[in-house]
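This document starts with two versions of one protein chain, written out as structure tokens and named structure 1 and structure 2.
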Structure 1
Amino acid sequence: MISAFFIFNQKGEVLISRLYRTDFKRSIADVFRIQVVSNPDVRSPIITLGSTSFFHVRVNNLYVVAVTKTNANAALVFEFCYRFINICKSYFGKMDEEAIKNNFVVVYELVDEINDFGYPQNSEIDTLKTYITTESVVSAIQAPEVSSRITAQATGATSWRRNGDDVKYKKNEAFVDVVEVVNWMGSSKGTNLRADVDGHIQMRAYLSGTPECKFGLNDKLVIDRSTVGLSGPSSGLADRGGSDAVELDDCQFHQCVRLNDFDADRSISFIPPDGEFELMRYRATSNIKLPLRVIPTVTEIGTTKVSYDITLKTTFSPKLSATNIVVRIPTPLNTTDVDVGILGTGKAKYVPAENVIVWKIPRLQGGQECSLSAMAQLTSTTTRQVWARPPIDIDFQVLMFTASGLIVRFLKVFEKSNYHSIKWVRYLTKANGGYQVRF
């Protein structure tokens, strides 16, 4: 599948190079440097030149590149690249040029271990850390025993978790975070042009032994499409849910999940990896609950002024609150100054370098609203250009709220020793640059 793997820095220098097959020479790196790194106009993550395809992911000014001549599954190639990035972050704490240069020996070990002749192999972080470490080498006396235990784990039924006797905690806890990123585009008339949610369920399991976990979601949960990634297909219920049903367009599970149970009663049964892992990803485009509403009134007064009246409303329960709210309101390019007249709450200032008014609100309770009024002063120009009016952008976070309506009904832990475990569930909905309204 993959014939070569490279990591470039932003200058185009090769930091890591590995050829898995003989159909490429190392000079293929020069082609990527010239065609992609040195060309600022390239925006596609896939570049095909002749029979050669370059798949690249950019992270912290690094290019993670996979090269192939075959008609490879693009989703699988990108999944491999992102898995490699997550592995590096787990090992080194970050993924940047300094981390790669300081740990290039470990990086080469990882590159060789997770890919064999171009085909992805075991990429479970917990398993990799048992035999690829940054610590001192195990003594020769312990080596045979440790080696056999590693082999049993890597080739066993639960390759993602160590032997139950090796995992012990004084306090058995499980933390579940349901994190959703809501994207919304509203029109100037108040209608929804687009609304969707990208969510994932992150879990941290600090449980002794080999526990069996059962995780229940909403009673009314509809999977609209039949594709479930990595672990295989789901049944894909064709019936649409009612207005109170949670409809997921697609979802993807960690390989530890037993899909048969999910298809039967929407419960997720699994033996969790030790530590932190992503249990599930999902996407929803129906029945989205928007936590914030923005009502903008922007009026151009002649050619020298623009007045702003922006109202922000929260639509969730008064028991909850939105935090770290940042509203970015665009101004014309010929703006000289902005006078903020009436400000309900928070702080607002004009940022000339970005041509925006930045309105920051530390906290806003559910059911409340706040307003901002401002007047932008413009310089007169000989030729008047039509203002494009970019959308207003809003960033925020709301704890214990889900825009899709997804909830965790229960979380049970079963283990042969019947120990008591503590379970924690947290919900977080946030917007990062994709929550906008036109005016």
Structure 2
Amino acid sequence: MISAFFIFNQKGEVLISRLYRTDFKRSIADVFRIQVVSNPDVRSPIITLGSTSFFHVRVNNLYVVAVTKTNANAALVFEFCYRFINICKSYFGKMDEEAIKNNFVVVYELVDEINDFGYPQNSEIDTLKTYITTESVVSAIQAPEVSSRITAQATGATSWRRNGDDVKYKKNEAFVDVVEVVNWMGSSKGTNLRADVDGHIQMRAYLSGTPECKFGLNDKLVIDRSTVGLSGPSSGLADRGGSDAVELDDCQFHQCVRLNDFDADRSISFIPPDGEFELMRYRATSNIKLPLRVIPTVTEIGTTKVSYDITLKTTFSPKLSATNIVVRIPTPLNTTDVDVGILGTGKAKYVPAENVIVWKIPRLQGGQECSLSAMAQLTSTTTRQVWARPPIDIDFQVLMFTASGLIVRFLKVFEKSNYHSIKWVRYLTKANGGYQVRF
């Protein structure tokens, strides 16, 4: 399991160093610094040197590193690292060098708490916050009582939620955010080379007592089964339900979800933690609806010029709109200057620092299109190299749209007191860095 845990800054200085086992010395940190931090060629997050494996995650110019000598489960180790990052973000608001340095005492407390002899322990933020605090120590009189409660919770059946009587809200509300990140790679001919969606469902529950929630999606398996159960395989209804439903390739749930139930009949039922948490994550690869279409025409005129003609089309309903569209159009490395003209909305300019033309469109309604034409001037180079033509990259956001077609069908809350609860559902599809088209 994890034998050592480190946090390095950009320069490779050790900010946090914790050895869980005795099979390493502190100097193992130097190995990482030499082999990984100061080696610009390293791209892999796992480096194995001899029998030692370094797992690292980079966040805001920090390296969060776990070291092991055994054949540890890599997914688990990375989950631990990411979980640690989330805890830090929740505790300090951000996770960067300054935050770590300013709160190093708390960080050490956390690091000790969430891992014991290399085995990950309770990492539920809410729970942790009850006994690892940034405030001053609670008075001695209260302490035994509080600590016994904490112990009860941490070791109880629902370690993620405080005792039902302690949670009370005037207004019982639950917010569900479905956030999808769409990745797409289109060929120059307009065909899809790759399209997939990484989605997660974020939930904020402000519900009193110990509510029992049930959550329904238009999961293809569920819908097929229900239609089969209702009207038999040959009914026309089944087809309709099937076409609307989404096929989820992979699901991951928060620990509060009862996996036994999910495995049995794919129903999602849980007692939510109080406050914000990530209910589930999923991946979909079939029937992806692409919100934007890009039609690039790029021609190299001789060796001195490149002309661009790029058209952007939105494919979703006109009621919706895409916002914050940023199109990055690569230019050859020997570009001297670019003239840009735009038809429609937005602004574009050549950014030599990144060798791209950046085209920004603040808002684009559904069903609309706009285009850009540009001419890049090139200079002659010593070594004639063919331009590699990296893909055009588009970032955007579309509210109330899911690229996978996922819909929350219901969210039911059952509680002893049977109060009325209000549920809000929001959808968001965005692309950041993975929405690309070749030309």
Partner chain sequence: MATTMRGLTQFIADIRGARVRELEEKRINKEMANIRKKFKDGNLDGYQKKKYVAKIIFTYILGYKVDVGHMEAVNLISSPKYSEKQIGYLAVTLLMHENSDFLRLVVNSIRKDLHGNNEIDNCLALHAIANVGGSEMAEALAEDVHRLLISPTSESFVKKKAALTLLRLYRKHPDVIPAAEWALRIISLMDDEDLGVVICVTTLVMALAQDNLDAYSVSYTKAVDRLNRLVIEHEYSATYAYYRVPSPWLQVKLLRLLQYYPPSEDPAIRSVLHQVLQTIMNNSAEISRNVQHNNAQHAVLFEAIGLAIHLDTNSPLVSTAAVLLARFISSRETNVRYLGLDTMAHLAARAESLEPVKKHQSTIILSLRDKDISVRRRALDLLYSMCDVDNSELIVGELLRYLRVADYALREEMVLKIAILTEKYATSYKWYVDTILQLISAAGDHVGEEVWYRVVQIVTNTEDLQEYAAKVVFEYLKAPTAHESLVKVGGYILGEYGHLIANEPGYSPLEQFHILHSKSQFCMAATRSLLLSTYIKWVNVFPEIKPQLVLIFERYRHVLDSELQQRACEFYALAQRPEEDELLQNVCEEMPPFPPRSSTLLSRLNKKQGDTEDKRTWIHGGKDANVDRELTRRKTLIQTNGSAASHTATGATSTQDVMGSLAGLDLGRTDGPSSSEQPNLAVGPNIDRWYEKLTSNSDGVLFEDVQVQIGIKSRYQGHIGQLAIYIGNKVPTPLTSFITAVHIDDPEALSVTFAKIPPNVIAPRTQTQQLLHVECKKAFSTPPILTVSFLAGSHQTTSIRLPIVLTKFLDHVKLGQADFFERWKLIGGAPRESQSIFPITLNSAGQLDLPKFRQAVTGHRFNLLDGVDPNPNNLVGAGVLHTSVEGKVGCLLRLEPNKEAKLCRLTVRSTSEDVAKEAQKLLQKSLQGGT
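Numbering for residues begins at 1 and runs along the sequence of structure 1. The term rigid core refers to the most C-alpha atoms you can superpose between the two forms while keeping them within 1.5 Å. Quick caveat, the model's predicted, so the values are computed rather than measured.
- For the form predicted in complex with its partner chain, the corresponding chain is the one labelled structure 2.
- Positional change of P332 between the two structures reaches 2 Å or more at the C-alpha, relative to the superposed core.
- A movement of the C-alpha atom of S267 reaching 2 angstroms or beyond is seen between the two structures when the two forms are aligned on their rigid core.
- Comparing the forms between the two structures, the C-alpha position of D309 differs by 2 angstroms or more, with the core used for superposition.
- Aligning the rigid core between the two structures leaves the CA of T299 offset by 3.0 Å.
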